[in-house]
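So this first bit is one chain, no partners, the form predicted alone, shown in structure tokens.
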Amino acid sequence: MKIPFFRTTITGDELKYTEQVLGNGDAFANSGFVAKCEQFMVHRHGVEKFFLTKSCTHSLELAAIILDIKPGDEIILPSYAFVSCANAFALRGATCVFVDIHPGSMIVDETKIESAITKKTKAILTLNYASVGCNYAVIKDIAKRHNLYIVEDNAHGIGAQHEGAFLGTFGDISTFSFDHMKNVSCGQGGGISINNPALLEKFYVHYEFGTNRRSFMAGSGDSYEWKNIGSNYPISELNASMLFAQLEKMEAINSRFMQLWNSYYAQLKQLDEKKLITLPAPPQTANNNGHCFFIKVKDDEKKKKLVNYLLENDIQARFHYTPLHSSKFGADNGRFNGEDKYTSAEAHRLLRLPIYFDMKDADLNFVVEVVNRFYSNR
């Protein structure tokens, strides 16, 4: 493709830091980069306790274990979400209770949550889609009144804010992604923030293979032993070294993404005003990071035609999530509560346009030109 959908962010310092790790003679030895990344997130991102994982999927699965999710429990979440959000809880035998979204932002409609709560409900999962924060004032109030946990999937939201606070600080547990298609990346990686101190000791056991390793190494245990279920969640120093190079430049990276996002919005506004497309409509409280720019077209058929037209011009655009409840597995392992007024309809209309850190202004202008040409010819 002349203009691919996405290119992994590279800042220029990744090689310098990875060479430091490789120079130790053991790429998996402690070179300090894991600690640097975790300290960065605590001091610069405002999270309580932060730990790197191998992926956001691992973080979500770890969250389900920490919350002791069991068969028969229920989790409320938007159906418009990545499959890992549901899988993490389905793996533990829970039922996924899906609710509708706000059409302008594609984030969960907080007014639909309370009616989905039953005696079996254990937690609410939120997804900060396209780095736009949910209405956490309302959601946290609901969670408090019903004694529920909040798991915040912040895979898209590194560096983004909601009402003056960083995303990733609103859940009892919040998760992050640093895979190759995120603003800040280490190829494959994730993170988990424990913002509820009452969950921290449980986290340590599950994070450390289900053992008392942390307390034993601190000298407070007589033996190193298996205490509960767990797994190998921590990331390698090699991945962390690449990640730290990008965290140091997080503000510059997000600033460039937002320049591109704003340019798309300004140049496509005329099509929106003519009601040929619909532009994103995040709430005024959102301060996103530009991770994802989408438009809405008339219907699925129009979307396919536009995708093909873009491909004819060497431009790659992509759909996004298929609503989870619409699959057979989703129906077998969950249910949609209330009316699916927007989730399915808006998902069929949504198309993501190319956006990446080193995208040239001229390339973005060409994408806009081709989209305009598509609508002027039809």
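Start at 1 and count along the sequence shown; that's the residue number. Everything numeric here is computed off the predicted structure, so don't read it as measured data.
The same protein also has a form predicted in complex with a small molecule, omitted here; what follows describes it.
Worksheet item: If contact means any heavy atom within 4.5 Å, which of 181-189, 134-142, 256-264, 278-286 contacts the small molecule in the model of the complex?
Response: Looking at the other structure, the answer is 181-189.
Discussion item. Using a 4.5 Å heavy atom cut-off, which residue among 127, 158, 96, 194 comes into contact with the small molecule in the model of the complex?
Written reply: So the residue touching the small molecule in the model of the complex, by this definition, is 127.
Worksheet item: Which listed residue (173, 240, 108, 85) meets the criterion of a heavy atom within 4.5 Å of the small molecule in the model of the complex?
Response: Partner contact (heavy atom, 4.5 Å) among the options: 85.
Item to complete: Answer with yes or no whether residue 37 is in contact with the small molecule in the model of the complex, where contact means some heavy atom within 4.5 Å.
Response: So residue 37 does not count as contacting the small molecule.
Practice prompt. Give a yes or no for residue 63: in the model of the complex, does one of its heavy atoms lie within 4.5 Å of a heavy atom belonging to the small molecule?
Written response: No, residue 63 is distant from the partner.
Item to complete: Report yes if any heavy atom of residue 333 sits within 4.5 Å of a heavy atom of the small molecule in the model of the complex; otherwise report no.
Response: No, no contact at 4.5 Å.
Discussion item. How about residue 324 - does it come within 4.5 Å of the small molecule in the model of the complex, if we only consider non-hydrogen atoms?
Written reply: The answer is no: residue 324 has no heavy atom within 4.5 Å of the small molecule.
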